[in-house]
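Next up: just one chain, as structure tokens, the form predicted on its own.
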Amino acid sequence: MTSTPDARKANPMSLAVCTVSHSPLMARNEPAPGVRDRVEAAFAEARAFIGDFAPDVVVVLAPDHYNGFLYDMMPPFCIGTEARSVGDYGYEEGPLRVDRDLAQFLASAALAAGIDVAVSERMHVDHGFTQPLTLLFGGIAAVPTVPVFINSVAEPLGPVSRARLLGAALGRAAAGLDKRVLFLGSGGLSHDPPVPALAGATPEVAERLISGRNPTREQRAERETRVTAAAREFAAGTLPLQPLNPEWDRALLDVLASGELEELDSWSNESFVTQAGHSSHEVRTSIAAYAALAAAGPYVVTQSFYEPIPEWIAGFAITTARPA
């Protein structure tokens, strides 16, 4: 959607942020009474913020869960000039509406800033990208996007500072454009779902993590059914997954709101895992989004919703922010 000149003059912001946790279990497992209503109200507030901002393009910063990016070639970061949803967990399958020129421009800007970002002419994305696009915009092709993959699952991982520096590079580049750019971070907070790891994997599992693209519908359904059942057992206290950590989650959200993002550089990869679970590294997407906004100057958080939701195996947050 393109802002009119009058609207652009009335609201001079060129950058804004929205971050959301994602969980493919939202449509499959019912949380405690009242939780879904509070989450839906928070999403409605975020949609109103986005509607007021009226972005020309959305830079989606998200991880992958061994659906599009595998160990045959696992980059730390990748920007897609084209992208297609694999349609996992019932989300829409098909192409995203990628702004190809902007994707190439942002990739070049990141590389010029010393960030080793890969470029994909045929990116495949999963619910990490498609769920927030669906819940906030109504579909995966409803708005022009630039998909930015941030590896948050497949070890080894670089230090979290690299995600911050990626975001800062993208923000500096976007701030100079005659476009209203929303940075949408998808993932986190504390959670440790049953995602397989290459280290110690059986040969069959290792092969899937290396080259398991395009599983059959039956194979995908089996995997999704297994995760859904695990979440129900976790919520019932019968599956010993690492518990959610609301204290860690709130500390992370406080740092994001403070603008002192370099403080997170001292948070080691090991501390993420021990305190908040392996998949807590998905907050790298939020760190990058806020670093992009910070590149344009001080900012203010306008919404900060948080609730631990074991039925979705997620410390669940939704935040929005704009320049101060």
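One rule holds for the numbers: they count along the sequence shown, beginning at 1. These numbers were taken from a predicted model, which means no experiment stands behind them.
Keep in mind that the form predicted together with a small molecule is not shown, yet the notes after this line are about it.
Colleague: Please pick out the stretch from 221-229, 158-166, 91-99, 134-142 that is in contact with the small molecule in the predicted bound form, where contact means heavy atoms within 4.5 Å.
Modeller: Only one stretch qualifies here: 221-229.
Colleague: Taking the shortest heavy atom distance, is H65 within 4.5 Å of the small molecule in the predicted bound form?
Modeller: Contact with the small molecule, yes.
Colleague: Quick one: does G212 come within 4.5 Å of the small molecule in the predicted bound form, counting heavy atoms only?
Modeller: G212: no contact with the small molecule in the predicted bound form.
Colleague: Is it the case that L25, even though its partner is missing from this view, gets within 4.5 Å of the small molecule in the predicted bound form, heavy atoms only?
Modeller: L25: contacts the small molecule in the predicted bound form.
Colleague: Does G87 make contact with the small molecule in the predicted bound form, using a 4.5 Å heavy atom cut-off?
Modeller: No, G87 sits far enough from the small molecule in the predicted bound form that none of its heavy atoms falls within 4.5 Å.
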